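What follows is a single chain, given as structure tokens, in the form predicted alone.
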């Protein structure tokens, strides 16, 4: 992206939204919302969409971007809960859609995974990679599958830990201690789920189960209940542990 115009459109309700906005603005990007698009339509050089849990809202947002933005503007979409190829199929210009994935907190992430759709144009994949590199992240191109690599594998570990809680294998505290000391992971899986947001983890597991229809991807019922109850972890003040409630950003 030209340094002369660093205007990007950012939309979505994922926990990625506030962290991406902060990261971009700290690197001198101008971030605009869908509501501001009429004013900045001809200045936007790239669009980012980060809905994961509400796929109907995701489809509506992507369609708005596709309709309102010129056909040469890349649309990068979080492909944690659905493949990029399916998202691209919603648009009139699918060649400009490219997926990406990561989890919060972004300050702990050195790398963004980029997952092109079958329809993605090579020039769009290159622009997507250059964009993430421009604010200091490494890029790995991966296959277009729900959850990509790191978010998928970590979500499955967390889901299995939730099943262990449900089955009375151990308490959340003991599961986290066992995993941290047994694997040298930075966090126990349930603590990690709380930090990422249980809603984000649930969206990955649900997407895998929907697309692949295998028992090993079945979301733990307790995980689903916690999300329905709004107990998504640090962000809401309560998940597997209790926290002093943090302000929830409303885009």
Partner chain sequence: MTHAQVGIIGAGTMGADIALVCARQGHRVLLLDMNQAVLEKAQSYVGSMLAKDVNKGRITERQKEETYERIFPIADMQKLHVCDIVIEAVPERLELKKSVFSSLAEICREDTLLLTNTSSISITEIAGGIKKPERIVGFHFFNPAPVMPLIEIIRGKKSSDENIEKVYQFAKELGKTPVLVNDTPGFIVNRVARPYYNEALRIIGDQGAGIEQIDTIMKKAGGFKMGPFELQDMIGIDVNFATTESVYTNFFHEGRFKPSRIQQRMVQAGSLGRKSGEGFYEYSE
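Because the structure is a prediction, the values reported are computed rather than measured. Positions refer to the first chain, counted from 1.
Quick note: we don't show the form predicted together with its partner chain, though the next part is all about it.
None of 116 to 124, 148 to 156, 70 to 78, 85 to 93 except one has non-hydrogen atoms within 4.5 angstroms of its partner chain in the model of the complex; the exception is 148 to 156. Looking at residue 97, you'd find every heavy atom of it more than 4.5 angstroms from its partner chain in the model of the complex. In the model of the complex, its partner chain sits within 4.5 Å of a heavy atom of residue 168.
In the model of the complex, none of the heavy atoms of residue 193 sits within 4.5 Å of a heavy atom of its partner chain. Although the partner is absent here, residue 207 lies well away from its partner chain in the model of the complex, with no heavy atom inside 4.5 Å. Although its partner chain is not shown here, in the model of the complex the stretch 161 to 193 places heavy atoms of 161, 163, 164, 167, 168, 169, 170, 174, 175, 177, 178, 179, 181, 182, 183, 184, 185, 186, 189, 192 within 4.5 Å of it, in sequence order.
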